[in-house]
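One chain comes next, on its own, written out as structure tokens in the form predicted alone.
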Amino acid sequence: MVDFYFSNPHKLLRALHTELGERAVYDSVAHCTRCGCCQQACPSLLIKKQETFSPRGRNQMIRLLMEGKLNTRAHRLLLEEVINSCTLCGRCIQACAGKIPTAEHILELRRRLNLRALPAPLHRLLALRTSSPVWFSRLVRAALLARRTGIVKLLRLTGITRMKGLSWINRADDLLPAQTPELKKYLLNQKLSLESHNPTLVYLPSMEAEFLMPRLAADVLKTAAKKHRTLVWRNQSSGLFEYVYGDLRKSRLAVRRLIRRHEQTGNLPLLTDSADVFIFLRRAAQLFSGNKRWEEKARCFSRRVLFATDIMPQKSSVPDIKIPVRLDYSALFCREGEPFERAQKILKTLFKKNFVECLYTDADTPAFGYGFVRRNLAQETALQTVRSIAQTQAATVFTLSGLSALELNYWLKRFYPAAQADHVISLHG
């Protein structure tokens, strides 16, 4: 048996921090007893109907690879399909009695095989947010200007965006909001500021809140203003993109930078509007297993991370809505815990009997840009989600990240326009 870590210790995790303690990747994979509790919860298995695409099938495949019983060259295409079809949603973990982190196993295998999940031009663009944030901001602004002036539409009409490696532009153009005002100008119009004297809270906006959905950032700041003086960190990478799609070394570097900057603020509470970022930063110590100094720093830092629902009051002047609302639980790695429980409690309090309870088998929107992953099951999974929303006749679906709201609105507009999605923070913004 060869653990992945020893084949390339800089690009892989030394150990996984599971709910049952710290485990080597092989030990975590081998903990799967193939009982089948996860089968009904996995969206890719419901679509593919093949054991290979089930959580226990994936764990068995990874175990065979680590034991040298499966040839990666001979089965590389199948491996890529099995890996990229996993939405990393964590529903299998919720259903599993042993809380086996199958999504983390999949990411370790992706790193081990050096699989590039995203189209190369898109990957290079998004990677700039960590390596060259100034250039990233400029390129994003240029791309948004190209949309407003009709250049992107012209490229689509000429067929250039159908060329290999550029088809993601079409989907991004369909997915993103038509109007994308610059964050600083938008906040000034809302009489909000990016700076604060003697701040009591630091706000780390998600990429979509900063560049695509300034209203989301404004809603967060308006809600926080009731109790806090907030300092906004612009164009600051959390390291999550590299963790999911890129190089683990760069993810560690981004988290180190974040921790150092956070220490300079006096360890103020750090707020994020993305459940994906929250879950990742709360588990930041996992990145530094074996390095006691940084592991302890990351553990102290993670305890100061807050999600948007932590600053939301449970009572509000929300109008008396007579139509059903529901919560979309889409997030990376996890589908239960603090953000979900608090969001559910808030919605239950505000909407009472009009809040629709969802089962763990109900489909969620694929999270964190999964729709751009090559050879994915985004459309099939999204259709399951829309079907579930239509069955409950929900009019509003609240999400825990702006990107999930964008993704879900894209599908709802096409297949069930009677409903719309919005970030849960909009209730108090």
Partner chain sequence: MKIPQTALHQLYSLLGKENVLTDEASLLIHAYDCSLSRTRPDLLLNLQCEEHIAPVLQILYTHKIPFVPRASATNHAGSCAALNGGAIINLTGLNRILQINTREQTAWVQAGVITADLQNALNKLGFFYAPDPASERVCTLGGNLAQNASGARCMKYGGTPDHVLEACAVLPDGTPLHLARNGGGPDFIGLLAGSEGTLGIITRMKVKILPLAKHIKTFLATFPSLADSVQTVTDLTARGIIPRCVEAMDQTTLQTVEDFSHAGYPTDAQALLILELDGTPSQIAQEAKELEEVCRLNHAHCFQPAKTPAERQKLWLGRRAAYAAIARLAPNVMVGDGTVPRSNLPLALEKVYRILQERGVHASLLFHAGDGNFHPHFIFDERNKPDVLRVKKALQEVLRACVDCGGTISGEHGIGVEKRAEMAYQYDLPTLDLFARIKRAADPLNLANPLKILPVSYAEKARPQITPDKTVAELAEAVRTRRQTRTPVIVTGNNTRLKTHTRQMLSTRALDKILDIDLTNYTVTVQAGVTLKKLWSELKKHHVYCALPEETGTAGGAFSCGAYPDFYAHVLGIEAVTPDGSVVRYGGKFMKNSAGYHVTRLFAGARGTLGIITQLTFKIFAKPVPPAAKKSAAAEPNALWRALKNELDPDGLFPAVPEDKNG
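All of these numbers come straight from a predicted model, not from anything done at the bench. Residue numbers count along the first chain shown, from 1.
There is another form of the same protein, the form predicted in complex with the partner chain; it is not shown, and what comes next is about it.
Listed stretches are 121-129, 179-187, 234-242, 92-100; the contact stretch with the partner chain in the model of the complex is 92-100, by a heavy atom cutoff of 4.5 Å. Highlighted residues 347, 358 and 414: none comes within 4.5 Å of the partner chain in the model of the complex, counting any heavy atom. Contact annotation for residue 400: none of its heavy atoms lies within 4.5 Å of the partner chain in the model of the complex. When contacts are judged by a 4.5 Å heavy atom cut-off, residue 19 counts as touching the partner chain in the model of the complex. In the model of the complex, the partner chain sits within 4.5 Å of a heavy atom of residue 50.
Proximity of residue 378 to the partner chain in the model of the complex: non-hydrogen atoms within 4.5 Å are absent; the residue sits far from the partner. 61 is the sole member of 382, 373, 61, 394 with a non-hydrogen atom within 4.5 Å of the partner chain in the model of the complex. Contact residues in stretch 10-32 (any heavy atom within 4.5 Å of the partner chain, taken in the model of the complex) are 19, 20, 26, 27, 30, 31, 32.
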